[in-house]
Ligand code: NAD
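Next comes just one chain, in structure tokens: the form predicted on its own.
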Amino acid sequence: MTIHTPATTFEALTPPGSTPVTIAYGDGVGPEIMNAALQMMLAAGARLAVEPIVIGETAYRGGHSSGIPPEAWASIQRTGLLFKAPITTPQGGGYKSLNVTLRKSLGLFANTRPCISYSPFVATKHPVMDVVIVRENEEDLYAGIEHRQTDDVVQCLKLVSRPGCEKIVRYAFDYALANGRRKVTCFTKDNIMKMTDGLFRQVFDEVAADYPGIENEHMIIDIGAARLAARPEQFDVVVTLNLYGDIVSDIAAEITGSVGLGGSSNIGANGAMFEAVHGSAPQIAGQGVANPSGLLLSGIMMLVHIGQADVAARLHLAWLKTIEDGIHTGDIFREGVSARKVGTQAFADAVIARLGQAPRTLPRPDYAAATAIIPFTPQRKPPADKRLVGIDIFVHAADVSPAALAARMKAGAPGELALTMVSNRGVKVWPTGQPQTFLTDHWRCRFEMPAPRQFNKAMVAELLAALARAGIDFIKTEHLFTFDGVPGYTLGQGQ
């Protein structure tokens, strides 16, 4: 696919020393804003060797279940650099998110989203706001491992690893150092998810000690998100897990004045992807009214990443001058503040006309020392002394009382294994549960071996075989381990 400028093709504009970059024009407004962004970048002197690919809705409809055909993968692998416009994932049909596929398949673990207010030229209730959200990109609930287990219950596995935590936390502190930031705030829910979010918090505290010149703090995600929305000037860099980061970065972008101004980078050890935060907006596609700013600001981040900070600075200043001069697309246009409402192409022309100029009042970005951040490679620790001490057996059973189920489980268990707890949706209901607890058909039955006997895998097999003979419908098991004597599992709520 070739996308044309008024005079020539982007592919033909390859200055000496250009960096190969894979370009995805996307769906909806994607082609329009990508055209505009590339025009502005090349006019500013960006040295890019453009390789267009087709991904997204067209590829989905063409039978590629990931939305990414082999030739697109080949280009991305060859360049290691993807500049992507928004895409559309077709509704229904079990289509998986293309964005998640790209981030995880390419190891792009760090998603960075600067969220800045441009008051008074863009309406916002928070005129003093300059926050960067650094989001873990590969783990957490976005692992996408889900199962239906009973008539009533489905599950989603939350996976968090120590190397994943250390990579993203160090990236956040390194970003703060490279960009003159003063503080890094960690958001988790470790008061509830003590092992997964607890690991992220623990690693954050460990890593923070290596950066004594940068202030650090931790907040529970709910109050942290509330304060971010109410008083964003209190924050500088925020680092958090995947799902939380997805939510709070959109909140932060929106309260700057428009999510359409949000750009982002996705960085890994062997590649990078740059994309706007917003979606493909098919309702306005083809009308020439979309704001290309989010994609352009992503492109500016890309220019810094590939060592063209001089071009990034020139282009960013021209964009700020355009915003300051009141040349606005419809999404941010305001009577009495904006000077002229323009479409996509006219906005790009206005930015190009201001190359070499700078804003009068909006803060000027400092790219003098800007460099790409080299991702940290964690060193694996020696393995712990791991010991099997029990097993959680999940059971599908409807219309049964906790006591009756416990009796069936104990009757079916061989040898010295002891049933120590039954829970329903995580709440202990046997022994001594509460009659008000709402019960579903999904139960967890915990078996442990009384000390000093050692549990082993043969006992697991014997237990499951005995329960199967007793007609127990077990649907899942989780082994209970200690690591260097520390339990690697949590108690049931109410235990």
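Numbering starts at 1 and runs along the sequence shown. These figures come from a predicted structure and were not determined experimentally.
The same protein also exists as the form predicted together with nicotinamide-adenine-dinucleotide (NAD); that form is not shown, yet it is the one meant from here on.
nicotinamide-adenine-dinucleotide (NAD) is not drawn, but in the predicted complex it has a heavy atom within 4.5 Å of residue 89. For the chain shown alone, residue 278 is a contact residue for nicotinamide-adenine-dinucleotide (NAD) in the predicted complex, at least one non-hydrogen atom being within 4.5 angstroms.
nicotinamide-adenine-dinucleotide (NAD) in the predicted complex is approached by residue 99, whose closest heavy atom lies within 4.5 angstroms of it.
Interface residue remark: residue 163 is not counted as part of the site for nicotinamide-adenine-dinucleotide (NAD) in the predicted complex, having no heavy atom within 4.5 Å. Scanning 168, 290, 131, 228 against nicotinamide-adenine-dinucleotide (NAD) in the predicted complex with a 4.5 Å heavy atom cut-off leaves one residue, 290. Exactly one listed residue, out of 377, 270, 283, 371, brings a non-hydrogen atom to within 4.5 Å of nicotinamide-adenine-dinucleotide (NAD) in the predicted complex: 283. Picking from 153-161, 415-423, 78-86, 197-205 the stretch near nicotinamide-adenine-dinucleotide (NAD) in the predicted complex, with a 4.5 Å limit on heavy atoms, gives 78-86.
Within 4.5 angstroms of nicotinamide-adenine-dinucleotide (NAD) in the predicted complex, the stretch 319-345 places a non-hydrogen atom from 331 alone.
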